[in-house]
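Only one chain is given next, in structure tokens, and it is the form predicted on its own.
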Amino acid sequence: MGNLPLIPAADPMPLPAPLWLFKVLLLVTFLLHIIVMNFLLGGGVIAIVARWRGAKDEKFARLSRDLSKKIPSLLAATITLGVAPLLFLQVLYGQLFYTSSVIMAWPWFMVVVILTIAYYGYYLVAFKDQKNNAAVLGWVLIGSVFLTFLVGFIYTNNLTLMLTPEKWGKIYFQDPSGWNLNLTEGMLLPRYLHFMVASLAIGAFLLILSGLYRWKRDVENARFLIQYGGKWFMYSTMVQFLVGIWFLIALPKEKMMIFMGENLLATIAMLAGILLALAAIFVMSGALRKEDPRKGAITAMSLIGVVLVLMVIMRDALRDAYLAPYFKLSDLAVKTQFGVLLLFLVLFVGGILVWIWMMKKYFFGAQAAALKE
């Protein structure tokens, strides 16, 4: 065993486009994926809380019904937008990602089963008679949200295991059955919570966007949505600061130092992200005290949009730092196929535009307005 290479050889087929383009596409598609994923996860938790509070307040009951109808489509959008970054990850880091996936094969395979069960649960809650099945559907919603968070936990296990090839042999030969997780990894739990708490903050923007859309038709309900969503955002972001500190100190010292000056881009991204997040909390707090909170809410969401971009950059820098002793992207062969590349870029941009148009029509078009009546 000692003479075998630790990392499987990369695919000998050269990349059909420049390396930097695949990296940009990975980061852009992952950003799109996590935005919708956060709407799904955060929206599910808020729907549970609103359902519980809806027993005494019709505003919350209406909010829970509205979110419950959106969640199945958000799950479909999350899965659809997750395909592209997963494919680009396999193109760039395939031999690493496939190995970690094989080591924890059964939990990884179960993701499809878990998502299918969660999907059915969300559809039951969205379309069954709420009055006559309220208690049962409430538990179904809780179960589906739990299963969705469980999928996130499995993904975090796989993606952290991918970063630590030195652990592969020990884990696999202790249990080659494929029923493995990466539970001994120190950064596993804070990294997972870093994503999940963020989903509550970003998921709150789904309420704010709904409030902005409804403002001219129903000011009272729209103001409630913006204010309630704003509070979810602020409190979740405050918790996120604590989780972020935990995540940072859970990293090995040499990895933590890339955010402390050793990697200029990562350091600037972290400092800017902290400052912009604090500014967003301050702006949102001021907006919620006004009769018309729209302008401040839009500004806060814009600031967090920049923070999300910075977080994606930081995540990528951390991945490269972990893999540096074992693997360098610059070693991959490249042979650009310009015709195929041009066709792909045209179809890629067109597909994103069509997807945005579909989501706008579905969530904020005439059909959505009719469902809200």
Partner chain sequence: MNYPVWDVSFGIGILMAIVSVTHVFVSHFAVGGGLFLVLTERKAYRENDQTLLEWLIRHTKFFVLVTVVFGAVSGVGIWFTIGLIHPSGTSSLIHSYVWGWAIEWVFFFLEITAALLYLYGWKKMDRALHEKIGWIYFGAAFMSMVIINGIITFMLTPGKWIQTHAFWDGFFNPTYWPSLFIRFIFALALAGIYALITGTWQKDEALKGTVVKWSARWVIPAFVVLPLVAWWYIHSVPAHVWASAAGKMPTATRYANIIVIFSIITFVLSLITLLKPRKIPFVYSLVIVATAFMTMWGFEFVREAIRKPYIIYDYMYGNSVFKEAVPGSAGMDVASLDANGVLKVAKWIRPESREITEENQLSVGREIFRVECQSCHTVDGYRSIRKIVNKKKWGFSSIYSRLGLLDKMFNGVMPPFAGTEKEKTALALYLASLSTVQETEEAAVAPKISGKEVFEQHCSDCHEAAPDDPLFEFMKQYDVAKISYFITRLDSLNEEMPPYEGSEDAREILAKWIHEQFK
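Take the two forms, find the largest set of C-alpha atoms that superpose within 1.5 Å, and that set is the rigid core. Positions refer to the first chain, counted from 1. This is a predicted model, so every value here is computed, not measured.
Omitted from view is the form predicted in complex with its partner chain, to which the following refers.
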Please determine whether V24 contacts its partner chain in the predicted bound form, using a 4.5 Å cut-off between heavy atoms. no
is_contact(A105, its partner chain) in the predicted bound form, heavy atom dist at most 4.5 Å: yes
Non-hydrogen atom contact Y120 with its partner chain in the predicted bound form at 4.5 angstroms: yes
Is there a non-hydrogen atom of I245 within 4.5 angstroms of a non-hydrogen atom of its partner chain in the predicted bound form? no
Among Y98, F282, Y235, F241, which has any heavy atom within 4.5 Å of its partner chain in the predicted bound form? Y98
Though its partner chain is not shown, can you say which of V83, L271, L265, V136 has a heavy atom within 4.5 Å of it in the predicted bound form? V83
Residues W20, L275 and L323 all lining its partner chain in the predicted bound form, heavy atom within 4.5 Å: no
If we take heavy atoms and a 4.5 Å cut-off, which stretch out of 38-46, 51-59, 336-344, 311-319 is in contact with its partner chain in the predicted bound form? 336-344
Taking its partner chain in the predicted bound form, which residues along 164-182 bring a heavy atom to within 4.5 Å of it? W168, G169, Y172, F173, P176, S177, G178
Classify P14 as shifted (yes) or not shifted (no) between this form and the one not shown, where shifted means its C-alpha moves by 2 Å or more with the rigid core superposed. no
Please check if L353 moves between this form and the one not shown, taking a CA shift of 2 Å or more relative to the superposed core as movement. yes
